[in-house]
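One chain follows as structure tokens, the form predicted alone.
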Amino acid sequence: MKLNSPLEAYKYLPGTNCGECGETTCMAFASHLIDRSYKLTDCKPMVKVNKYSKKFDVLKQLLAPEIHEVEIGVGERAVKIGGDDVLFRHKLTFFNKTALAYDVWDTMDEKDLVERIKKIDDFKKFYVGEFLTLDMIAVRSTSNDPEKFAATVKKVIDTTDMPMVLCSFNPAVLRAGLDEAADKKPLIYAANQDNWQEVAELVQEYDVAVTVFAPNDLDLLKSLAGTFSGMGIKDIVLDPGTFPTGKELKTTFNNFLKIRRAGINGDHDIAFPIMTVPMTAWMVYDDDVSASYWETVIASIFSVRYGDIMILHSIEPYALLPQLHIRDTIYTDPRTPVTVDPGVMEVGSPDANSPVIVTTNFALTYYTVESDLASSKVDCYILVVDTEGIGVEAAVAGGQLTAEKIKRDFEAAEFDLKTRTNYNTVILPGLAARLQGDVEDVLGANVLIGSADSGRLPGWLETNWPPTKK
């Protein structure tokens, strides 16, 4: 049995509503167990009181994700992959974003190697309130020379603290890399039907995670995973092969579906994270543009369908941005709107003559408004109203954006229109025009109705600001 609701988890809790976890009731705590924002050990009675120990053990097992979670790397930048419970994110959510590993290789010139590592490490894109970044370095052995591979791994370690994938089918090469990087807990790639015994010995000796590789042979893949698991190796990643074109791409897609469906439905022999290698597109297409394009397409496909970790090549922005954006979208919890903190925000260098504009705390709304104003160099204040993460039109209709809430959030921010501004005026979004009279009455302020689209707001301000002083 798998727990999918707070009520099911609540049955195993003490039910004392002691509050030691930080929640007022055990039911509230149970809801946090389901969404993984709390750990079972946060329930102090379950840990301390002997009579709850059996329930603790049972509940711990029931809460464990169906897909085994694997951690790669050490420290703050370590990445976790797998750990999912559902096939479709709308049923619960997907946890642990797809880890994106970009390649370097051991025949690169040292200067080019360091430059590429730094580009991968430094890349970031601000998007809806956070920076989207890359996760890992995949070090490929193209020389098949253990010494060259070890030197490259060492240079990677000296240049970045990003987690690594060490890539070779030659156990001697992998050993040379592990001699340099074992304490960094890399993922090694890969064990196959030819080298599995030697690779298994490396995994046990260095205590690292391993990828098992069986291109388009799910029976062999399951057999390899079962063999490693039977040896006590638990941190396993599955690679069923990534074929980048035609019917073989369709087969790859179906293989991913079969593996994840079996894992979620209780086949523990194959309930491990899945690796996809979109950079195989570079093995098929002769020109860089086509290869990069199809690599991005494949990455997008398997971001949606169960690719827990990817090895990629192209680090051009036109390739990175689609990959990062779709990953961010798929791994945003669909049950919880993305929000920003309410309050009065400053754009540019506003003063007493600057406009005060009202919007909601739905992150996409706020950052769109802020970006439209900042890019036009408009100095202003933005009142971000706590609408529970709902956009303007829906918040007005649903009662999350009201005159009383606008007043409340002005007061919470200690922003007095009459003393902080010369015009005692606020600007409501065009989609909130029907609140005009209520806001005027509640705030005792002048209310203007701006454009419905924040992109037109700078032009609207040129015509309508400053207002006639009242």
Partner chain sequence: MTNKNIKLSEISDIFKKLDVEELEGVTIEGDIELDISGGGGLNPALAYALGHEAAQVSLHVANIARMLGYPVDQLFATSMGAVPAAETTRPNVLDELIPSKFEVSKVAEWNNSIEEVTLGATSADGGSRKNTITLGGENALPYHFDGEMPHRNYVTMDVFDMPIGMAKSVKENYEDVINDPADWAKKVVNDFNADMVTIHLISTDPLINDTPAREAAKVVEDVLQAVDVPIVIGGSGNPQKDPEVLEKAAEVAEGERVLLASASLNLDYERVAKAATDYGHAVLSWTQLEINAQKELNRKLMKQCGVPRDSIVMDPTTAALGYGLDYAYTNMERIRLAGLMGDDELTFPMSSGTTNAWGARESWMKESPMNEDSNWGPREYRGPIWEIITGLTLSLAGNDLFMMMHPTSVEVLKEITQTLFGSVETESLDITNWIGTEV
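All figures in this text were calculated on a predicted structure; none of them were measured in a lab. Numbering follows the first chain given and starts at 1.
One more form of this protein exists, namely the form predicted together with its partner chain; it is left out here, but the text below deals with it.
- This chain is displayed alone, yet in the predicted bound form one of S37, N422, S53, T41 has a heavy atom within 4.5 Å of its partner chain; that residue is S53.
- For the residues G75, G266, G246, G398, the 4.5 Å heavy atom test against its partner chain in the predicted bound form is passed only by G246.
- When its partner chain is considered in the predicted bound form, F213 lines it closely, a heavy atom lying within 4.5 Å.
- Contact annotation for E411: none of its heavy atoms lies within 4.5 Å of its partner chain in the predicted bound form.
- Mapping the unseen interface onto this chain, S376 counts among the residues with a heavy atom inside 4.5 Å of its partner chain in the predicted bound form.
- The shortest heavy atom separation between D145 and its partner chain in the predicted bound form exceeds 4.5 Å.
- With its partner chain omitted here, the record of contacts in the predicted bound form names 188-196 of 67-75, 188-196, 342-350, 155-163, defined by a heavy atom within 4.5 Å.
- Annotation for 111-143: interface residues with its partner chain in the predicted bound form are D122, F123, K124, K125, F126, Y127, F131, R140, S141, T142 [heavy atom within 4.5 Å].
- Annotation: D121/A374 CA-CA distance shorter in the predicted bound form than in the displayed model, change of at least 3 Å.
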